[in-house]
Ligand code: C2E
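First comes one chain, alone, set out as structure tokens in the form predicted alone.
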Amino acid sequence: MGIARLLLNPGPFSSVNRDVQDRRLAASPGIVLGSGLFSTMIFVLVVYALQGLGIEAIIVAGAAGVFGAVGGAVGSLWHTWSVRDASADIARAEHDARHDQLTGLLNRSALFNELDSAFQKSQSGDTTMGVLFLDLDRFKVINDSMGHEAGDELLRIVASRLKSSVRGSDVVARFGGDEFVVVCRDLMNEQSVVAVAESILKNFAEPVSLYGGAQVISTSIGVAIAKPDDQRRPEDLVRDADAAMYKAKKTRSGFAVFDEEQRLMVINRLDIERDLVRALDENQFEVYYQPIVNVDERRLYGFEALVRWDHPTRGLLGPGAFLDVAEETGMMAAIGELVLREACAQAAVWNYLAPEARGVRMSVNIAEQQLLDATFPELVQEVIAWSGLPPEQLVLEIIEDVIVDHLDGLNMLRRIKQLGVGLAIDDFGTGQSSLGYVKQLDMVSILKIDKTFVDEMGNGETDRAIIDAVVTMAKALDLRVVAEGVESEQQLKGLRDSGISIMQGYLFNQPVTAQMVDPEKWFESRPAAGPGAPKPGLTPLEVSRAFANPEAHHRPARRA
């Protein structure tokens, strides 16, 4: 019963009382033995004084008492060992519940407990508290190239360096993956928090010896500072430090301190997140189409389908205003399916109205969440059948970094390729892959050169050399090259000189709604074949149902 109570109520074995309990447990066998022998001696003396028994009986009684005392001592020893063993198990369980097994640092749950305590102390006193959110810059590259064991070893090294970079009173925790959080307590001012960030960066500058080779690791740090009158919640500080970390990573500044501008951005982000759910329910998204032209043949090559949000109070929002939030909140898959359905249905409508439209491709962007969805090829196949669009007219575009980050998704892309659908690498040249790496992407048929290279066309020989190299490689691999973001005649001429004939950009046309694409001008139209034929200028809802089977009319977009 004693051990059961200890297991159910480990309170006595907390760090405060454990030493006292250990001393009591160590003394208990001796106390039991001494008490037994003393009691036996008193009993024998009483019996002898009364002389009610013979000497033999007195000897037997004394021996029984001694054996009883020894037995009690042995039982006490067993009890002591059992309790200590139980207390050790409880201590280990308490430690494991609070610490990350890989690095030995506090885990996320324990971090928030410590953070809450530190925040309350900061509020009641006249001290400043800082929260630092760290994310390693090249961890995925090392993890993928050298293996997970090397990645784990790197995380342990990072944990050790973090602990050596801060004060003993500071809290260091592993937040998850390659993310860490440091809580700095009882500081004098904001400069003290910044000094901790600078100390960490300095400590990280020393190369790491990893499996016999020197590796340079770097980290981006976001800093959130709480003064005694701060009205934020403790968890808000972690959120704000995380937001500042993204700013530091984007600007490659090492660390960034959360400020008022970022506070407004966070509020705006929370508003966007809340409104996105309503936008999906109320069909507030619209699909715009940017023409892609073949300048040598002077004809329309295709369209890229681009999503816009007709926000009820903010007006028409471009993808930069909400797609990042949609990705992080798991809504990107539903938005991506919506765009895929409407774009395929609209292309099928144009096919019906103009025979020449059958040679025009429809490009639709694939989000990271869709690439990670094992059922995505089945969705593409279902949408093609649903819309009636020939699969060779559909091109799915994947951002270069998304492919590099998820090489396990290549087999899924091959499954999509087998459907007859074209695949393109979007924003090529801005990511982590090399030109030689493209040889592994045997399912890709199109490379889209990013606008950043086109912008400098004619102004710098370096970008021209990169574009020439891409074109040369593409020809060797039998790939088409499309240039994005063409806005001037100078860029047009430079791209043509490099051998690129397929382009898109504001020089040719901005993204437009389907209603603005008049088949009589954009395609050679054919007359309507009866009263039920689709008409140009359809609304998005009409487009999405133009060629749908009756049972598919009300099929909702899937949500992650």
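Bear in mind that the values here come from a model prediction, so they are computed numbers and not experimental data. One rule holds for the numbers: they count along the sequence shown, beginning at 1.
The discussion below concerns the form predicted together with the named molecule, not included here.
None of 365, 393, 220, 351 but one reaches within 4.5 angstroms of the named molecule in the predicted bound form through a heavy atom, and that residue is 365. Think of it this way: in the predicted bound form, the named molecule has a heavy atom of just one of 230, 356, 397, 178 within 4.5 Å, and the residue is 397. Of the heavy atoms in residue 519, none are within 4.5 Å of the named molecule in the predicted bound form. The named molecule in the predicted bound form comes within 4.5 Å of a heavy atom belonging to residue 426.
Within this chain, residue 182 is remote from the site of the named molecule in the predicted bound form, having no heavy atom within 4.5 Å. A residue is said to contact a partner when one of its heavy atoms sits within 4.5 Å of a partner heavy atom; residue 484 meets this definition for the named molecule in the predicted bound form. Stretch-level contact check against the named molecule in the predicted bound form with heavy atoms at 4.5 Å: of 486 to 494, 381 to 389, 415 to 423, 195 to 203, the positive one is 486 to 494. Three-residue candidate spot 150, 157 and 213; no residue lies within 4.5 angstroms of the named molecule in the predicted bound form by any non-hydrogen atom. In the predicted bound form, the residues of 284 to 316 lying within 4.5 Å of the named molecule by at least one heavy atom are, in order, 290, 304, 305, 306, 307, 308.
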